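First comes one chain, alone, set out as structure tokens in the form predicted alone.
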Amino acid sequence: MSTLDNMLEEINKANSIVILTHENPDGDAVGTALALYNALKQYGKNPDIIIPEYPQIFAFLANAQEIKKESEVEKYDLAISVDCSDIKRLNGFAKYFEDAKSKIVIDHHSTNTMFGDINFVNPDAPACAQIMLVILEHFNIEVTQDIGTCILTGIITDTGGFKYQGVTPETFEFVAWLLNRGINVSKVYRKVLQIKTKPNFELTRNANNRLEFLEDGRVAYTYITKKDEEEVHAQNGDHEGIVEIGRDVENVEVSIFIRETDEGCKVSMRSNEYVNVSDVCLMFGGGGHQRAAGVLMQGSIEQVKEKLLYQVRGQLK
């Protein structure tokens, strides 16, 4: 029996199912989780989906209003984690996963710790949503327009609109397949990558004004503070995309963006050609992909900046 057959068997057996994803979820996390949620409802199950906070730009996805901040269920029969490399990244809601009778992990991070009873991990996939499409096809669950839009949101956001190196010919085959089923690629692209909230615009302007070029222009660095976010009445997700500002500048290899929060400094890192930013973030307890990673660090913005720069210098050519 294949891994996917085992997965379907667990889904069939379960009376109560919960879907989880990583903290500070992006479009791939939210899109994949909602694709699975909608698919399982269509399949006849009644799962819960728990994401305490997510960017409101994804509120247009089908049944996003049914996302829960927490649950009163003490123990689920089955917990499914999507787009999460490590149980620690499930953060405060890891208990739902740990306490479940059976645990499934669906992911595409090369750093995945295989923390489920069943692990379906493909690091070659540029987005977890791409894996979800394969799974639903195997389960013979119809990919409706609602489900397809969720999947496309994950693919578009995690590939940066098909511009990142992880994009494969298969990715475009999947997108063509979705197009043939009436999924509006241009509409989804505009909603998740082009339209910006006013707070996001204001925060981006602040970050632009603070942008520094270090290490002979090979490192771009910027930050925003809690005060910045308070002044523009920022909501969850209004900082998205700021890290890309530095990466898009000529000759920059690494872009570092630090966001000051009540929990500490949340770091987003991107690279262009050769620096493995996941390795840098792993040193401080974070992780991600070779060209896109993040970590939560303690200390002042300046202290965190210097720690990161010290590690990045060792990888620059």
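Computed from a predicted model, the values in this text were never measured in an experiment. Residue numbers run from 1 along the displayed sequence.
Below, we turn to the form predicted together with adenosine monophosphate (AMP), even though it does not appear here.
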**OP:** Please run the contact check for L296 against adenosine monophosphate (AMP) in the model of the complex: heavy atoms, 4.5 angstroms, yes or no?
**Re:** yes
**OP:** Give a yes/no on whether I67 approaches adenosine monophosphate (AMP) to within 4.5 Å in the model of the complex, heavy atoms considered.
**Re:** no
Subject >> Close approach of S271 to adenosine monophosphate (AMP) in the model of the complex, 4.5 Å, heavy atom >> reply: no
Original post:
Is the gap between G27 and adenosine monophosphate (AMP) in the model of the complex 4.5 Å or less for some heavy atom pair?
Top reply: no
Subject >> Interface residue in the model of the complex among K103, K191, R89, R247, criterion: non-hydrogen atom within 4.5 angstroms of adenosine monophosphate (AMP) >> reply: R89
Original post:
Which one, T149, S85, T157, Q130, lies within 4.5 Å of adenosine monophosphate (AMP) in the model of the complex by heavy atoms?
Top reply: S85
**OP:** Specify the contacting stretch among 43-51, 59-67, 30-38, 286-294, defined as having any heavy atom within 4.5 Å of adenosine monophosphate (AMP) in the model of the complex.
**Re:** 286-294
Original post:
Mind listing which residues of 91-127 have a heavy atom within 4.5 Å of adenosine monophosphate (AMP) in the model of the complex?
Top reply: H109
